[in-house]
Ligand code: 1GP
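To begin, one chain is listed below as structure tokens, in the form predicted on its own.
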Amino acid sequence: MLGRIEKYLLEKIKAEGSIHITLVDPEKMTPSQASQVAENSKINGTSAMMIGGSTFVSQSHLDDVIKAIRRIVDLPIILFPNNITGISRYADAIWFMSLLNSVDPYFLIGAQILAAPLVKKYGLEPISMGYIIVGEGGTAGIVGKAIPVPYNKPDLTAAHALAGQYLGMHFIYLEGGSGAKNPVPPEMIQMVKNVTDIPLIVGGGIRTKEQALAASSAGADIIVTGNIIETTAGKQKVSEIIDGVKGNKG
């Protein structure tokens, strides 16, 4: 049975065509900064907040960031953990994900085994996701010991995604890496979308309205941006990107 947050995401995608989610890296922000980002993002039309990063952050700081965001906005808060240290009882849901192209069994299933009892204890809604690192991969690729799928191998990415669907995952995430020079190519997005029947999330390297529109037009159901919100012009950039995402409506 689908949980409340997953139903919310699916309904938003059905109604709007493509949606935007704002990613906050708690290691790079104070609680007050995170709450300001959340407020600006909601005003601009983001659909949810994702909380997570590629490296370690203290548990208490993670909790404080989530609580600060919750005080300001009523958007769903979904954990995007890099490890079991990225789990907080104060979120609504968690991407319960497997890094499908990691060479380390820990990131395929080991961390999930350790995390499952905590997810249940905290009452978090688990949303299953196949996570695929492509292109440069960035810090996430290094930490997760992944072999990133090159941007010129969309068929290999599609095979990973289809395997994730067949394993029962509800979402697929194509990750270009935090701060990637180039976003996931539309050709790769389109090929994955053509062979799968589950929602597709795309993140990494999306900095402009045009890039967001290209990704959503190619088949991305959810566009995730994070690094751009850390710049001085972040508020305006997020607004433009969300305009691009919603430019594909209908």
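These figures come from a predicted structure and were not determined experimentally. Residue numbers run from 1 along the displayed sequence.
Although it is not shown, the form predicted in complex with this ligand is what the next lines describe.
With respect to this ligand in the predicted bound form, the three residues Tyr173, Gly203 and Val224 uniformly fall within 4.5 angstroms at the level of their nearest heavy atom. Exactly one listed residue, out of Gly164, Pro154, Gly144, Gly177, brings a non-hydrogen atom to within 4.5 Å of this ligand in the predicted bound form: Gly177.
Heavy atoms within 4.5 Å of this ligand in the predicted bound form map, among the stretches 62-70, 189-197, 36-44, 203-211, onto 203-211 alone. Contact check for Phe107: every heavy atom lies farther than 4.5 Å from this ligand in the predicted bound form. Mapping the unseen interface onto this chain, Ile19 falls outside it, with no heavy atom inside 4.5 Å of this ligand in the predicted bound form. In the predicted bound form, Val238 stays away from this ligand, with no heavy atom inside 4.5 Å.
In the predicted bound form, Leu23 approaches this ligand with a heavy atom inside 4.5 Å.
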